[in-house]
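Coming up, as C-alpha cells: structure 1 and structure 2, two forms of one and the same protein chain.
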Structure 1
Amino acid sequence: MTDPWQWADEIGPEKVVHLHDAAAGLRAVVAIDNTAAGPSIGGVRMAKDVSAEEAFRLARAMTFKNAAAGLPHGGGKSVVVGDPHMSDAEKETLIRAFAQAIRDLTGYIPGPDMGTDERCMAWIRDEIGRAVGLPPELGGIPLDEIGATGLGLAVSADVASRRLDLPLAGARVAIQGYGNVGRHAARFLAARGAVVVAVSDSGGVAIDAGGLALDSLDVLKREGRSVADLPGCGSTSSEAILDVACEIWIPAARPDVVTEENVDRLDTRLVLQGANIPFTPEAERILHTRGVLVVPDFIANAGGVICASVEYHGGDERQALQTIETKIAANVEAVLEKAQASGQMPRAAAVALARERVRKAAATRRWHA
C-alpha cells in the first residue's frame, strides 16, 4: 500500500485513529485532519474496500472544502469496513458500535456519506449526542432529499459554463454514479435546460442521445435496480460512461476513477467533480493541457457540507439552499478568476485559496503560537 503519510504536512492530520471491535464486527478508521477553524465535519463512508489512506485523503479534501466554503469547521472523515447493503439490524449494530468508539473524538462531527444515511446519523446522535445530516424529525435538514450537493454542482455549472461561453440549454451531460449526488445534479441541470444523455451505476450504464427519462431512472433506483435496466438504453458495462461525448461530465462515484490510463477516453468541455478525489493528479493535468475545464471536488461538491454546517448551527432548509447558492457561486468564480490570472490549474488555485484560509484560522489559535 502507498504510505498515506506522504500527504502529511503543516496542516495535518491531527489524528488518524484505527478502531476495532471484534464483538460488533467493527473495523474503521477516523482521520481528523485539521480543526483550526472549528471542529471537523466529514462523512462516514461504508464500503468493503475502504482504507486508512482513503480516510486520510478524504479528510484533507474536507479541510479544503470547509475552508474554501468559509465554514467554521475543519476537515475529517471516517471509513467503516462493511457491506452497505447489509440488513438494517446488522447496520444498526455496526453503526452504534462505531459511534461508541468515537465518543471521545470530540473534534469530529460525523455526517452521512456513501453507504450511510440520515438514519445512521440518528443512531450516532442517539449514542453520543453529535451528528449532522439528521432526519427532519430530529431537527435535521434532509440534504439527500433536497439534493444539497447536486444543487452545488448545478451552481458550479452556471458559473463555469459562462467562462467557456457554453450555454447550459441543450448542453449534453454524462454522470458517473447515479446516486444521491448524481441523481439530484441531473435534476437541477435538466431544470436549467441541459440534456442528461448518460448515467451509470455499479450495475451498468444507460445512454440515450436524445435525453434520458429521469423519472424512469428514479423508479429503477427506488426499486433497488440498476440504471442499466432502463429499457432500450442499458448496458452492463459501467466503463462505457467514459466514452460518451458530452459538454459536461460529472464523476459522482468513488475516488481515482479517472487516471492517466483512461482519461483520453473523455470527450467533454467541462468536468464538475461531484465525488471526492475522483481523478488522479496526472489525469487532471492531462485534461488541463487539452483545454478541458475541471472544477475541483472540494469547490464544486461542497453543497452537502454547507447544508450540514447550517443545520449544526441551527439554520433551516431555506437558509441552507440560499447559503449553498451564494457560497459556491462565489467560490467557483474566485477560483476560476485566480486560475486565469495566474495561469494555474483550477485545483492549484483552489488549494492555495483554502490553505490561506486555514493558515489565517490557525493564526488565531493558542496552539499556533
Structure 2
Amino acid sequence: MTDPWQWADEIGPEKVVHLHDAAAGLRAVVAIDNTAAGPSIGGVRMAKDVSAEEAFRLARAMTFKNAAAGLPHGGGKSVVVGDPHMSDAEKETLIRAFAQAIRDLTGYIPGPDMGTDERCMAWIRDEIGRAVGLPPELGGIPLDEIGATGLGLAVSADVASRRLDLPLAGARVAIQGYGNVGRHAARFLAARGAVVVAVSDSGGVAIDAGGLALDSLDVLKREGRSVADLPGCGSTSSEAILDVACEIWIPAARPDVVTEENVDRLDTRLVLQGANIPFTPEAERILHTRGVLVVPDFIANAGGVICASVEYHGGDERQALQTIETKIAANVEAVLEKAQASGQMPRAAAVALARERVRKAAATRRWHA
C-alpha cells in the first residue's frame, strides 16, 4: 500500500475518505484538500479506473484554482468507481448512495466532472441539500451553455495580449478541441476581432487562413459530426493543429498533449490553457525560454468554477459572467505582473500567489499552524 502521508504538506489534504457500500455497489474516495477559505468545491469524477491519488491531486488543483480566483472555497474532489455509460437507473442508485455517504462531509460541495452531469447533481441535492452545477429549474447556471470557461479564456487573452503588445484584432487563433470550452473561446475571441484559423476535435482538423466559419462548425457539432467535415477546410489529422502558425494557441481537449517531443512544432506567441494540465512541465519551460507566454490552466480556465460558486451563493447568469470577467482579468494581471517582477514562469508565480492566499485565509481560522 502506498504511504498515505506522501502527499501531505502545510496545505492539506485535510481529509481523504474512502467510501464503501457493498449493497449499493459504491466504491468512492473523497479528498478534501483545504477549507481555509470556505467549504471545498470540486467535481465528482466517475470512471472505471480511479484512485485515491487521482482524487487528491485533483483536489489540490482545485485548492489552487479556487484560491487564485479569490473564491470563498477550498479545493476538493471525489472519484466514484463505475462505468460512466451505465444505465440511467443504475447511475441514479449509485449517485444517490454516494450522496448519502458524503452527507456528513459538509466541507465538500460536489459539482459535475467527467462521467457526471447536472442530473447527477440534482440527485445529490435531493439527497443532502448541497451540490453545484444544477439544472436551471433548481437554480443552476448552465455553465457550458453560456460558455463560462470560454469567456475566461477570452478575458485572459485581453490581459495577456496587452502585455505582449499583440492586438487581438486580426490575431490568428488555433484551438485544439472544439467542445464546450473551445467552441465558446472561439466565439468570444472572434467577437474581439481575432481570426480563428484552425480548430480540431477527435475526428480531425479544420484550417482556413482567412478565418473559419464558426456558425458552420457549430452546425456540424450539433449534428454530431467532426470539424474535419467542414467543406474545403477539413482533414482527418487532429495532430495538424500543432503545426498551425498563429498568435494564440489554445489547448482545450486533453491532458499532456504538448510534451518535450512535440513542443517545437508550436509556432505561436501566446498559449491560453483551457484544458487541465495540457502541457508537461518541461514543454512549458521550453516555451518560456522561447519567449512564448503561457497563461496556466488554473488561472485561465477558472471560469467554470467561478460560475459554480456564483450559483452556490444564489447569483444568476448575468452575475456569473460579470464575476468571471472581473476575477479572471485581475488574476491574469496579478500573475503576469508577479512573474515579470520575479523572473518566474507564470505557473510558478500563480502557485505562489495561490499558496499565499490559502496561507492568509488559514491565518484567520481558529486552528491553524
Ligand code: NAD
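Since the structure is predicted, the reported quantities are computational estimates derived from the model, not experimental observations. For the two forms, the rigid core is made up of the largest set of C-alpha atoms that agree within 1.5 Å on superposition. Start at 1 and count along the sequence of structure 1; that gives the residue numbers used here.
Source of structure 1: the form predicted on its own. After superposition on the rigid core, the Cα atom of residue 67 is displaced by less than 2 Å between the two structures. Once the rigid core is overlaid between the two structures, residue 89 counts among the residues whose Cα shifts by 2 Å or more. Once you line up the core between the two structures, the Cα of residue 106 ends up 2 Å or more from where it was.
Look at residue 40: with the core superposed, its C-alpha moves 2.5 Å between the two structures.
CA movement of residue 50 between the two structures equals 6.7 Å, with the two forms superposed on the rigid core.
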